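For reference, the chain that follows is the form predicted alone, supplied as structure tokens.
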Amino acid sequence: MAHPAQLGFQDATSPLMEELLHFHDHALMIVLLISVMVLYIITCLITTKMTDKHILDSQEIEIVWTVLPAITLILIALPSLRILYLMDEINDPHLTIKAMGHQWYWSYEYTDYEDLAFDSYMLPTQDLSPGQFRLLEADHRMVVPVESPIRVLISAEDVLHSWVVPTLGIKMDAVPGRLNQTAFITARPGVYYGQCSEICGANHSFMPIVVEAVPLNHFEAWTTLMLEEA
């Protein structure tokens, strides 16, 4: 959960988000080294009083400033490509959930069950309980078992939406007439919040996403209760 004056990312709660955080730190260190080196060179050029009008070229310097950027790009590209493939990889999911975007709420369907589907609306401010977050809490949470591969099929019924949970490292567009998919694994129990990140109309900022990760036995009890109420 983000907090005021936070400068970094939210704590990772999935292996994929941990990989993204590591790559961010890796790339940031490379950017910092390049910035320091360029600042040092500019400072030296400004402050030095020595000049040499007879230097017209230098093959050695040209080789260095060609090879070093190439090596730097390789050091950034290889981890980036690895994470891109990890984000697209979906192996034997234990549960499949279809998330459908509407103006302005989400509906969830657990496709492994015959009749387990519900709509998720934002809780009005006057209905919030102590400890709940304004504009982020929903009347029905998407409940998933912890430490289990979950596949989410994402689409929309009317306009473009975007299903985003930052702490899980997920951002997938919901496009009418198209079925996108993503996958995640929650590393620990908890409640994870997100919001629609595609401008979808007047109430775009009032369709939160709430994912609750619980132990497997609690998930089974929840599904049994929801099927009995259906």
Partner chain sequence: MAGHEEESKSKGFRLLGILDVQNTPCARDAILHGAGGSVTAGLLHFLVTSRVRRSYHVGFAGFMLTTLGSWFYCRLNNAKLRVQQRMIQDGIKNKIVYEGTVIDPTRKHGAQTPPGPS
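All values reported here derive from a predicted model rather than from experimental measurement. Residue numbers count along the first chain shown, from 1.
The same protein also exists as the form predicted in complex with the partner chain; that form is not shown, yet it is the one meant from here on.
inquiry  = Only one of 199, 29, 70, 64 gets a heavy atom within 4.5 Å of the partner chain in the predicted complex. Which one?
reply    = Spelling it out, the residue with a heavy atom inside the cut-off is 29.
message = Can you work out which of 51, 203, 47, 58 has a heavy atom no more than 4.5 Å from the partner chain in the predicted complex?
response = The residue from 51, 203, 47, 58 that makes the contact is 47.
query = Applying a 4.5 Å heavy atom distance criterion, does residue 33 contact the partner chain in the predicted complex?
reply = Yes.
query = Applying a 4.5 Å heavy atom distance criterion, does residue 25 contact the partner chain in the predicted complex?
reply = It does: once the partner chain is placed as it appears in the predicted complex, residue 25 has a heavy atom within 4.5 Å of it.
Any non-hydrogen atom of residue 109 within 4.5 angstroms of the partner chain in the predicted complex = Residue 109: no contact with the partner chain in the predicted complex.
message = Residue-level question: is residue 119 within 4.5 Å of the partner chain in the predicted complex, judged on heavy atoms?
response = Flag for residue 119 set to no.
request  = With the partner chain left out here, work out from 189 to 197, 36 to 44, 174 to 182, 157 to 165 which stretch has heavy atoms within 4.5 Å of it in the predicted complex.
outcome  = That would be stretch 36 to 44.
request  = Heavy atoms within 4.5 Å of the partner chain in the predicted complex is the criterion; list the residues of 211 to 226 that meet it.
outcome  = If the 4.5 Å heavy-atom criterion is applied to the partner chain in the predicted complex, 211 to 226 yields nothing.
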